[in-house]
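Given next, in structure tokens, is a single chain: the form predicted on its own.
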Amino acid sequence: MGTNLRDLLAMAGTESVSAILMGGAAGTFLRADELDMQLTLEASRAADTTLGSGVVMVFAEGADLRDVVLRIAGFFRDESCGQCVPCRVGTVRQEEALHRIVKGATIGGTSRELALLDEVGVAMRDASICGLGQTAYAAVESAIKRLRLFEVVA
């Protein structure tokens, strides 16, 4: 705690950074230009991220972050207990929309799929019974909004 993220990565021998996933699958992505964050609860809150379970997953330049996000969505789909509708249905819809975007087979275009993902994600966060459903959209949302992973180029 308190170590600078850049210093932590240097201690690990990390050289090429494309993105960092903080806090595990239920966490959020950081960009390579956000490495000067101190690893404290206050600094992570100010940076709109989380320390979560303490996971700091580093992705090198050239890593297939779309595949990573698909795997995270698949994880949440598989782990949903199915007790509440927002999570049971939302995790499936989230993964389906991501697959359509990645395959270029969107329904109504990428912008519409991203809007759908946001709507489903907010519903899961606000209405799911447990933390799994409440955080199932976190990494996906940060990949979309912070990393601009699926950005529509005009």
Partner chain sequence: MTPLVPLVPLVQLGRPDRTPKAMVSLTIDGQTATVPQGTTIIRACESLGITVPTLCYLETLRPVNACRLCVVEVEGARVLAPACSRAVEPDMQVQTQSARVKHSRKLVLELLASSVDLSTTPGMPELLDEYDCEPERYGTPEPPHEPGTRDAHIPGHHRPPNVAYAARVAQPTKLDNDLYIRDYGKCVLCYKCVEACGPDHQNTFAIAVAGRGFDARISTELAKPLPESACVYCGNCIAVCPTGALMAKDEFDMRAAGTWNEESQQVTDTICPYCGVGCTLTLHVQDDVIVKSTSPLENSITLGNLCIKGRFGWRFVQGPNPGASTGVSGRG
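Small disclaimer: the values here were computed from a predicted structure and weren't measured. Numbering follows the first chain given and starts at 1.
From this point on, the text means the form predicted in complex with the partner chain, which you will not see here.
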Checklist entry - residue 46 near the partner chain in the predicted complex, any heavy atom under 4.5 Å? => result no
Checklist entry - Is the gap between residue 28 and the partner chain in the predicted complex 4.5 Å or less for some heavy atom pair? => result no
Checklist entry - So in the predicted complex, does any heavy atom of residue 39 sit within 4.5 Å of the partner chain? => result no
Next on the checklist: Whether residue 134 contacts the partner chain in the predicted complex should be assessed with a 4.5 Å heavy atom distance threshold; does it?
Outcome noted: yes
Item to check | Sole residue of 127, 114, 57, 68 within 4.5 Å of the partner chain in the predicted complex, by heavy atom | outcome: 127
Next on the checklist: Quick one: 61, 141 and 148 and the partner chain in the predicted complex, is every residue within 4.5 Å by at least one heavy atom?
Outcome noted: no
Checklist entry - Using a 4.5 Å cut-off on heavy atoms, what residues in 98 to 129 are near the partner chain in the predicted complex? => result 99, 100, 103, 105, 107, 112, 116, 119, 120, 122, 123, 125, 126, 127, 128, 129
